[in-house]
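In structure tokens, the next block holds one chain alone, the form predicted alone.
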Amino acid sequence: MNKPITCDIFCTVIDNFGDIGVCWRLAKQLTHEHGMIVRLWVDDLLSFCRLHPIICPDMPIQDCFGVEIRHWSSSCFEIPFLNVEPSQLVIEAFACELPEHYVAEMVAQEYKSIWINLEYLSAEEWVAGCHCLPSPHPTLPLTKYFFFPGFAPQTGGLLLEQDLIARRDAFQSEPHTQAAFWRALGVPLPKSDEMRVSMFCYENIALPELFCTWSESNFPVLCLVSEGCVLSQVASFFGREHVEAGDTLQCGNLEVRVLPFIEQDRYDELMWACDINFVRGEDSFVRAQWAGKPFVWHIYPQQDCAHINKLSSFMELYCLGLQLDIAQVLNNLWEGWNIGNSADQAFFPSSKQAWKECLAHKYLWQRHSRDWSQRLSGNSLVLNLLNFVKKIDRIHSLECKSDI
């Protein structure tokens, strides 16, 4: 019987939860679905602990759900790896740069590790052309391969657990399961005419106008805001100095409830249970698409408005097949939500107008969200990654034979 493949994943936490969120999902999937032996190196265990409370932030080495977690501190790489042999598969997440001593150990190997740089997710056209390209090291006999997640078939696809869609469908079809979820959060069951919205975003100058729009709506809107997410803006809108988890605030037909920080699995369920989800970054962006519900993405703001081009590239793909007027309505809402940190709002419709137009097409938006989720589900990042690793492994084997 073949031995399990070993894998090291290196992650530096830049945006609190996005990078480690992706790496943790990847580590679990490689372990549980493909029997690999995975070490996850993380430089910020405190952020990891918020995401997954079982993690102990003070332990340099620990096991969690079959994944070995290693604290990636500056001190642990100051001497050569006497007890750490590089794995067969080495994943450098988001160009975080491997430690020099680890790279030296890779060079010393007789049979070299397969070195993958897992890149950030993008819908831009150039991604397909760069996906899986080799990058020989300038001075060492090592080659790194760039692996790009994406939405098109020619890219690396998206992280998707084998049973996720089935679990989502079961949850959404069982009222008792949903009721138990709301009770566990301490949130009342939905009213018949109510709209439930989950809110996870960066600071956004468009938020007060959207809150005002919801407060003036002709139906109740319950907005569930995660702790640590724009709470200062929430407090300001309601004339409070501060708000915290457990607070409930009311303005007209808008009710805002501040939730304690929700770990990954429960966050999936929150999005499955809500009518619309406002998400940010990369990890929650992908999970919102698997939820099969309407969503609005707050892309990470970049200098020179580079993120707006990335947003437009995604919207171009996302709106394929939609009627032009509906596609324009969604573009208006998403652009209006994302220009707060980067451009003059006068060029975009107000959040109020864009929201009202989207609601007029809400049933088509709901159906499109479900169809989009189904369309993406056939392009699994992990399966694509492992197929690529097998291809490179075969090339390595042939090269070794030719050297004999």
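One rule holds for the numbers: they count along the sequence shown, beginning at 1. Nothing here was measured: the structure is a model prediction, and the numbers come from that model.
What comes next is about the form predicted together with a small molecule, which is not displayed.
Novice: Residue 255 versus the small molecule, in the predicted complex: is there a non-hydrogen atom within 4.5 Å?
Specialist: Taking the distances in the predicted complex, the answer for residue 255 is no, it never comes within 4.5 Å of the small molecule.
Novice: Since only the chain is shown here, I'm wondering whether residue 331 would be in contact with the small molecule in the predicted complex (any heavy atom pair within 4.5 Å).
Specialist: No, residue 331 sits far enough from the small molecule in the predicted complex that none of its heavy atoms falls within 4.5 Å.
Novice: At 4.5 Å between heavy atoms, is residue 284 in contact with the small molecule in the predicted complex?
Specialist: Close contact exists here: in the predicted complex, residue 284 approaches the small molecule to within 4.5 Å, heavy atoms only.
Novice: Determine whether any heavy atom of residue 88 comes within 4.5 Å of a heavy atom of the small molecule in the predicted complex, and answer yes or no.
Specialist: So residue 88 does not count as contacting the small molecule.
Novice: In the predicted complex, does every one of 102, 105 and 146 come within 4.5 Å of the small molecule, counting any heavy atom?
Specialist: No, the candidate spot makes no contact with the small molecule.
Novice: Which one of 221, 262, 326, 123 is close to the small molecule in the predicted complex, taking close to mean a heavy atom within 4.5 Å?
Specialist: If I apply the 4.5 Å criterion carefully, the residue I get is 262.
Novice: Given that the small molecule is left out here, which of 72, 314, 290, 300 has a heavy atom within 4.5 Å of it in the predicted complex?
Specialist: When the small molecule is considered in the predicted complex, the option within 4.5 Å is 300.
Novice: Looking at 152 to 160, 123 to 131, 264 to 272, 243 to 251, which one sits within 4.5 Å of the small molecule in the predicted complex if you count heavy atoms only?
Specialist: Among the candidates, contact is made by 264 to 272.
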